[in-house]
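First, one chain by itself in structure tokens, the form predicted alone.
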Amino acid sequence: MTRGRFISFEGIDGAGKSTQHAWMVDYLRRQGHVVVATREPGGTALGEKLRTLLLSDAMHLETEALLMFAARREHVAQVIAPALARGEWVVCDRFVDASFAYQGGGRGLDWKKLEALAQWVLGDLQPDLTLLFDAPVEIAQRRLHAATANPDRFEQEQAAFFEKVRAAYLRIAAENPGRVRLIDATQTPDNINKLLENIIATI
């Protein structure tokens, strides 16, 4: 059986990636694909419990990173790897790049520690395609504040934090040009949809 396809969606809070994630899942299903729509942190019963902790409770930055990767290990073992083995498409709202961007870039955790965790938890598993939705922090924050009545622990961070997260994402894009496609998230949703259709046609 042919291995399925794995697409991850990334971007700072307010960039619009979750809206496009939902659109992509619907689009691929209309194209006849079997699609597993999932998210991180979360994706499993245990992962969703860890998500609640991570988004609400203050903790040491290394604890935060370890819990993210614990949820990810369960997610890979229970959801992602089995779906890919069945030939299904997995469309994930955030994956490992988010740890490098948020815990590495935003929080300042040593990237070598994150690389060690990624190798342990993921081995050779990487998305076939990562769609990175990029927008200036001030635009993303305006969108976030307009759409979110009860922001979580990450969404409450200041602009300086998100500037560092964005810079880390742009570093990831520059270092992984074959996997990461940078999307100008300031475009209209219709223009982004057309761009995504063209990208999907190439994988």
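Throughout, we count residues from 1 along the sequence that is shown. The model shown is predicted, which means the values in this text are computed figures rather than measured ones.
Not pictured, yet referred to below: the form predicted in complex with thymidine-5'-diphosphate (TYD).
Although thymidine-5'-diphosphate (TYD) is omitted here, in the predicted bound form all of S18, R51 and A98 have a heavy atom within 4.5 Å of it. With a 4.5 Å cutoff on heavy atoms, F133 does not count as touching thymidine-5'-diphosphate (TYD) in the predicted bound form; it lies far away.
E74 falls outside the set of residues with a heavy atom inside 4.5 Å of thymidine-5'-diphosphate (TYD) in the predicted bound form.
Contact annotation: L66 falls outside 4.5 Å of thymidine-5'-diphosphate (TYD) in the predicted bound form, judged by heavy atom distances. In the predicted bound form, thymidine-5'-diphosphate (TYD) sits within 4.5 Å of a heavy atom of D152. Screening 35 to 43, 135 to 143, 173 to 181, 22 to 30 for residues having heavy atoms within 4.5 Å of thymidine-5'-diphosphate (TYD) in the predicted bound form returns a single hit, 35 to 43. Contact with thymidine-5'-diphosphate (TYD) in the predicted bound form, judged by any heavy atom within 4.5 Å, is made by just one of A70, A167, L55, A147: L55. Residues from 84 to 112 that approach thymidine-5'-diphosphate (TYD) in the predicted bound form with a non-hydrogen atom closer than or equal to 4.5 Å are D93, R94, F95, A98, S99, Y102, Q103, in the order they occur in the chain.
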